[in-house]
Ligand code: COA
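For reference, the chain that follows is the form predicted alone, supplied as structure tokens.
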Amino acid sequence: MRHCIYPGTFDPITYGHLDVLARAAKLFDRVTVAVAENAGKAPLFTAAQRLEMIAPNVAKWPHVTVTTFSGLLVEFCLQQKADAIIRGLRALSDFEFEFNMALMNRHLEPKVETLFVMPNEQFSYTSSSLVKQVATFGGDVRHFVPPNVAVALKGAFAPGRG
């Protein structure tokens, strides 16, 4: 059985992430969505909240699971007996960072391959950061994220919160 890890912060998950996941689900017998707990970023949502937002959106794929991880991704891949890491590339600007990360991961663990997939072009400009920025100012994010995520964002940026 071929198994891949789809890692990310997913703060929050977007339709672009889900598009990449759909592509991975076609290619692999088993896919693990791995939510990074210590991504070096200051996430809006806790890891538990991100898992809760992701779970209902991956339920249609019985061979997809969701979990968290911390530490080196390649070590997590070995623990999970994964064959590959799957990463989405939205634009050329993503390539340099992802390329360097893939080379470092290959250096650390040559048995784990990294595969890049491109999401549908309608998602090429969508990022979690941009979605959060739009939500911060009360903008409509329903075209970019699943309904449960839009509700969570609205609650996170509701007037009087914080």
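Just so it is clear, the structure is predicted and the values come from calculations on it, not from any experiment. In case it trips you up, residue 1 is the first one in the sequence shown, and so on.
FYI, the form predicted in complex with coenzyme A isn't displayed, but the following is about it.
Peer 1: So coenzyme A isn't shown here. In the predicted complex, which residue out of T32, T114, N57, S128 has a non-hydrogen atom within 4.5 Å of it?
Peer 2: Of T32, T114, N57, S128, the residue with a heavy atom within 4.5 Å of coenzyme A in the predicted complex is S128.
Peer 1: Given that coenzyme A is not shown alongside this chain, does L73 nevertheless sit within 4.5 Å of it in the predicted complex, heavy atom to heavy atom?
Peer 2: Within the cut-off, so yes.
Peer 1: Does coenzyme A come within 4.5 Å of any heavy atom of V20 in the predicted complex?
Peer 2: Although coenzyme A is absent here, V20 would touch it in the predicted complex, with heavy atoms inside 4.5 Å.
Peer 1: Even though the partner isn't displayed, in the predicted complex is M101 close enough to coenzyme A, meaning a heavy atom within 4.5 Å?
Peer 2: Answer yes; at least one heavy atom of M101 falls within 4.5 Å of coenzyme A in the predicted complex.
Peer 1: Classify W61 as contacting or not contacting coenzyme A in the predicted complex by the rule of any non-hydrogen atom within 4.5 angstroms, answering yes or no.
Peer 2: Outside the cut-off, so no.
Peer 1: With the partner left out here, which residues of 47 to 70 have a non-hydrogen atom within 4.5 Å of coenzyme A in the predicted complex?
Peer 2: The stretch 47 to 70, when checked against coenzyme A in the predicted complex, contributes only F69 at the 4.5 Å heavy-atom cut-off.
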